[in-house]
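First, one chain by itself: the form predicted on its own, in structure tokens.
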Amino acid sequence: MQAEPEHDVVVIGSGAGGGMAAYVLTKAGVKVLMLEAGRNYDPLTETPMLHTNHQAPLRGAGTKDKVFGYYDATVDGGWEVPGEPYSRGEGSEFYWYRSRMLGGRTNHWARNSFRMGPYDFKPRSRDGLGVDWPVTYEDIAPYYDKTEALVGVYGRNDGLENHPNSGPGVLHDPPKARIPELLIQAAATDMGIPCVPARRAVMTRDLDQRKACYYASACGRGCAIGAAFQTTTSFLPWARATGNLTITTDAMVHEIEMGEDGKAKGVWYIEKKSGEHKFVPARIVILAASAGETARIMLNSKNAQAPDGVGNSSGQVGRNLMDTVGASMGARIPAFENRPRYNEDGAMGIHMYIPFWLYPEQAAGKLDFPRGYHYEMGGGFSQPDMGVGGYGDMAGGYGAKLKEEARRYYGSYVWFAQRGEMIPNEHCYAEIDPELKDNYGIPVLKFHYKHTEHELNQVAHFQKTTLELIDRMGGEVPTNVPSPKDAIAPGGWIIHEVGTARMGDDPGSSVTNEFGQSWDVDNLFLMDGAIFASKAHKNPTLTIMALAWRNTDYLVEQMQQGAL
């Protein structure tokens, strides 16, 4: 065992929350050590931005080791990580995605960046389910503006209910809608459903040293020019430039050590390459390792004062596990068959989306599900691969017939994805498996997960609405529509897991206060999705960053006042 010098702050995790915390702290002159469980990653030299699928094995198709395709930016990780198992409770289906690399999931995420609205922070006050957040939208709004301006987000202010506008000049201009999106928009408008420009953390104008997107590379591969936001091209190099950030990769943190005074003294980690155990003393500890990993570290940090894990006097660490409600549907649109070929790739993600539009009906009790969902959708001439944009099952035969049908169906397929709010329930949680350990000897998480009728009814509504949209587009659904129970994505599949150490205003029912500060350990802060009190249908990364910025401002203030 080997001790290291004491640092002002140790940040565990280099993704959205940890990256933001390190950026704000180092700009304020605080010395920070960042510990990342994954390997080092350099997006400037490791991003295959302009490679074509035909250059890759299996035409770039996903495999067990590279689930999002050969060129995906997740160079080490996935739902299965060698040597790092997890377990599931009986009858539970949950998948835990981990990106073991510097920058974590920010290197490959979809960049969809929707603000939570006023209703989303006070859900229990509206329908009596779950809990309210200890903050309001007005508390977070300035940090949404600052975060969007810093990372670069395209979109448009549409003034829709519970979908707040950004400040003047904050948003970058959105890319123009593609042909499939325009037809979806026409059908939606005919049904009284809004279909508006999406919001994504992709720049359409130059910003600092980063360049605007040039519409030629999939964001999931990573972005060497910084147009698609990831911490490895922004927060981390900016923080390093201050001279106040040290990063140690391949550092598997497994325990927070506590002092007799009830404060965190530092963290223990295993150097993955050597297997050596090391202790890092610190004045402040920030957990930003992801909702699952943060809960795992807390639950594994047991001592006489905290026999159930550090910061867990409420018993809520590991509880309230949530993921986005997900389902999907596709359709063939005959009007798109044999249409002229041209490049309509754009920003390689959604340009348009359908925000939830039924808040009045929901408030009036006219719906059989309590929370909202939105649509992400698209279609067009994506780069051919093993899937070839959905037409692979339509084209058949050999020779000239196959070529004719491939040309006919190419670009004629559209897809719709549901992204909805899940309500926490007692059946969804993570605990330490009493028997199983990973290759480093660290006890692993055991997940329990079960959807309720709230989520299943929401999926049924999505399916019914989507069928009507497709019908108005003159489309055809090529397969039978499964039941909501079969259609809903299993837990963890959307990779939006949150809530395992929720914030609140009551130490008896929450883990942290409104600033992510542990109720039990005042020099322990949480700055990832673990602190979410609910899981709005809006994708969580933008909110993780906005909260982390607010929480870090509070932390710096406390340090400057000598309170910490």
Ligand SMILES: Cc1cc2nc3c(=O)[nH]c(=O)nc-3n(C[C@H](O)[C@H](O)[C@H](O)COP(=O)(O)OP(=O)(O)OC[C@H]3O[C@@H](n4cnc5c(N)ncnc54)[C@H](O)[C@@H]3O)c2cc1C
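Note that this is a predicted model, so its numbers are computed, not measured. When you see a residue number, it is the position in the sequence shown, counting from 1.
This next part talks about the form predicted in complex with the named molecule, which is not shown.
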*Take the named molecule as it is posed in the predicted bound form, superpose the C-alphas around its site onto the chain shown here, and state whether the site is open or blocked, counting it as blocked when 3 or more ligand atoms lie within 2.4 Å of a backbone or C-beta atom.*
open
*May I ask you to state whether Gly318 is within 4.5 Å of the named molecule in the predicted bound form, using heavy atom distances?*
no
*Check whether Leu547 has any heavy atom within 4.5 Å of a heavy atom of the named molecule in the predicted bound form, and answer yes or no.*
no
_Contact flag, Ala110 vs the named molecule in the predicted bound form, heavy atom cut 4.5 Å_ = yes
*Contact flag, Gly516 vs the named molecule in the predicted bound form, heavy atom cut 4.5 Å*: no
*in the predicted bound form, which of the stretches 23-31, 516-524, 493-501, 58-66 has residues with heavy atoms within 4.5 Å of the named molecule?*
493-501
*Which of Leu299, Ala417, Ala251, Ala487 has a heavy atom within 4.5 Å of the named molecule in the predicted bound form?*
Ala251
*Of Glu181, Glu293, Glu148, Glu421, which residue is found within 4.5 angstroms of the named molecule in the predicted bound form when only non-hydrogen atoms are counted?*
Glu293
*Contact set, 25-61 vs the named molecule in the predicted bound form - heavy atom within 4.5 angstroms*: Leu35, Glu36, Ala37, Gly38
